Structure formats: structure tokens, C-alpha cells
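Before any questions on how it binds or moves, here is one chain, the form predicted on its own, in C-alpha cells.
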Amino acid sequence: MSLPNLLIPLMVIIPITCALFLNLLHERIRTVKVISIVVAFALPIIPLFANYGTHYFGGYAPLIQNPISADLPTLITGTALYIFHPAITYVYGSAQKLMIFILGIVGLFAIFISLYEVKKPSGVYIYLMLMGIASITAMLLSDDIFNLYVFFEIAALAQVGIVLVSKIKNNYETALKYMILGGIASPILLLGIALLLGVTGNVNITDIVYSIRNGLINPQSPVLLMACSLIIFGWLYGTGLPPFHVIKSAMYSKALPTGAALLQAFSVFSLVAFGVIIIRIFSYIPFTHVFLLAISLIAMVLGITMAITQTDFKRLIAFLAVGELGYIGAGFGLGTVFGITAGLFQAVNESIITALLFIGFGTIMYKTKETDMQKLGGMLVATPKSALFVLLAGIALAGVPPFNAFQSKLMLVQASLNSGLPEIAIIMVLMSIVTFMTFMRAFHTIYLRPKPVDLEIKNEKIPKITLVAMVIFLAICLLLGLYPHLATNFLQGLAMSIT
């Protein structure tokens, strides 16, 4: 196997291996820094050099290449042909390349800021970051729904760990609540996968889709419908869509800024990974698209309206981030190539913008140790550079040109109109306007109003790596806003393949 082909599994193996070393050597500060820096640079670089293609663990190609051949291990029961695929499959295409690269960029700066904002960086914290990144990467690559579930669970545990080590007030309570809900949602998701296995005889997604589309199993089977419902429920938990939006936003608010940036990226790409599977397998079921659209609109409205009532800026950004997930889900719910492409583009954009916002607002915590907006003010004087970057990030989040979210939200509006759903387009536009107003209110409170007399601001300068990260994130936002085809050309192929 050539090195570019070998890089496909290494995108998962390298961060996991380095994470384990960091966990073992977490007390050796210099070793932690060296390993962390090397793997941080590797995260966005490896996807750029990996060849497109498929990697089979165990070397077994899909059995659907010749499903009726007598020499294949098949089992015929009634009129259904059950085909078992004996290997875990990773599929790497242009869409995966872009998304894993963006995840790597967020991970790189999250790790770097974590290393240089404190005197003694935590090897355990970097370990949890890398385990989460590796898990989400595996979810994006996996063509095996059980393998995807395994990494979904690892990612959930990594997120809990990131919150637990943050040392923020009430973080243990929030992490425990998330684990308890996960103890309910995860078995439901696993039950859905088990039902899917029971009906199709397979966990390989391509083989499952083949079986359904070629009439090897009854697509109207009640068990398949139940499997669809259970898998969607697990998807809601993993991504933070309603009814799990409150606990997910609490997780963001109880994490450090770098951790919150990664948690949101994990949610975004988990939404994409499971959304692609739901569309591939269950798109023929009419209620699937209707439900995805409905829950996405609810997420938009609830996320943004709950953000309006917040006085803690971390919680405000967290609810705005949850609301933005609704735009991604709406793209999948529309079910058209253009709509799904727009949803994928929105996922890429949101992961960058929210990372910029969490890190940008993190500079307020760095200077004041305060997150209550009622106790803040005058920060424009104390942090003029980061204030400008935060302002531009908020403008980008609201979908104002010339930034990237304007392009993806415009595409979503156009996709809604093309699908004969102008009501959805109107809701998207209104929610973007409310997002802008909500953000500007918070910006005025924190940066523009007079500084409270009792507010203490440290004289320490914001670390240069934090400002560099914000500049690069902002540059990506501007680049994709001016040249959206740089992203959409990578994403359209995946959208075409799953519709």
C-alpha cells in the first residue's frame, strides 16, 4: 500500500496514539509540548496528502460488487438476501478532506492556545482533545455504522472529560447531567443500529443502502421505520439539537474557550456524519425529511430566542451556536443536492466562526476572569485587537457579506425557494437578523459601555498565538466568503452521492 493510501487510517491512528502517550507522560511538561506541537501540525496536514479512496481494515472489499455470486458468504431468508461485510471500511473523498482539514485547523489552534496560555499545560487536557478529534475524524470516514457508533461514544466521553478538567464552577454537575442523558440516548441509538443489523444482516452502510434500493429487503418494514426513529433520536443527543440543546449549550459554557471551540466542532461534524447516514439509508421514508426540517427550524428558533435572555456571554454564544446547527439540519432536510451542499458548507463555516467567537470571547476571561455581561464593560480599550476580531466574527455568524456564512445561508435560502418552501427561507432570514441584533447587544455591553468601577482587568497581554489563531480563522471566513466555490466544489460530490 502506498503512503498516500496509508494516510487514510493514520488520520485516526496518529492522534489516538499520541493521545495515549500524552496521558502516560502528562507530568513531563517539555515532552507534552513537543508531542502536542508535532501532532497539532499533523492534524490539518495529513488530510491534504492522503489519496482519495477506500481503506478496508482486514483487506476485504465490499461484497456488493457481486452480491449473487455463489462463492460469497450469503444467507437467503425468504425473499431477502442478507450480505455480511467482514471489514470496517473508511471512505475518503473531497468532502471528507475539507471537513477533516477544517477540524484539524480548529484542533491545531485549540492545542496551541492551551499550551501557551498557561505555564504548565495539561497533558490530560490535550489527550482528551486528541481523542475527540480522532473520534470525529473516524465518524466522518466510517462506512460502518457500528464503528461509527463506537467512535461516537468515545467522542462523547472525550467531551465530558474536556468539561471536567476545565475547573469552571459547576462543571462537574453539567458533565454528570450530560453523561446521564447519554446513558439513555446512546443505548437507544445502539438499539436502532441493532434493528438495522437484524433487518439487513449488515452494518456496512453501502451494503445496507444497496440492499434497500435493490429490493433485497422490504423498505417499508416496521422494524426499519423503528430503526430510523431510534437512530435519529441518538443523532439529536450527539449534536445538541432539541430537546438536548440546553444541556449541550451548558457543556459549551462550562468548558474552557479552547474546549468550547472544539466541542462545537465535534457537534457540527457529528451532525454531518449521522446526517449523511440518515439521508443515505432512510431518505425514501417521507417523514425523514419532514422531521429533519421541523427539528432544524425548532433549533434555530429556540437557540436564538434563548440566547436573547442570557447574561453570561459564554452561554449566549453557546445558544447561538446551537441555533446555527439548525441551518445545517435544514440543508439535509431539504434533501436536494443544492440544499445538502449548502448544509455541508454551513457546517464548515460554522465550525470556523464559532471557534473564532469562543476563542475571541475567551480573551475577556483571560483579562478579567469574568463572564457575566452585567459586570463587564469598557473592554474595547483593554483589548482593541481582539474586540475587532470578535466584532467581525459576530457579523460573519449573522450571515453578513462578505463573509462565508453569508454564502452558505444564501444558498440555503435559495434551496428552500427552489424546493417550494418560501416559509423556511423567510424564517432563516429573520433568524439571521435576530442573531445579528443579539450579538450586537452583547458586544455593546462588553466592549462599548463604560467600564464598571469594580471590574479588575489584568495588565497581561493576550498571548500572540491567540491573536494569530483569530486572524487565521477570520482569513478563512473571508476567503470562503469571497470564493465559496473553494468549499462547495469539494462538498458537492458527497451531496450528489447521497441523494
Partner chain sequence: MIIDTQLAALFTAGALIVIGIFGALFLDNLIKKVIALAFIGDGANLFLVSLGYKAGGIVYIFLPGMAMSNFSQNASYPLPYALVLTSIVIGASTMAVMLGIIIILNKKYGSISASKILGE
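This structure is a prediction, so every number in the text was calculated from the model and none was measured. Residue numbers count along the first chain shown, from 1.
We do not show the form predicted together with the partner chain, though everything after this point is about it.
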Stretch in contact in the model of the complex with the partner chain, which is absent here, among 102-110, 367-375, 311-319, 141-149 (heavy atoms within 4.5 Å): 141-149
Distance check, Lys177 to the partner chain in the model of the complex, heavy atom within 4.5 Å: yes
Ser94 within 4.5 Å of the partner chain in the model of the complex, heavy atoms: no
Heavy atom of Glu423 within 4.5 Å of the partner chain in the model of the complex: no
Touches the partner chain in the model of the complex: Leu256 (any heavy atom, 4.5 Å): no
Position in contact with the partner chain when the complex is considered in the model of the complex, options Gly183, Pro222, Pro243, Pro401, heavy atoms within 4.5 Å: Gly183
Contact residue in the model of the complex, from Ile298, Ala194, Ile427, Ile285 (heavy atom within 4.5 Å of the partner chain): Ala194
Residues within stretch 144-167 having a non-hydrogen atom within 4.5 Å of the partner chain in the model of the complex: Phe146, Tyr149, Val150, Glu153, Leu157, Val160, Leu164
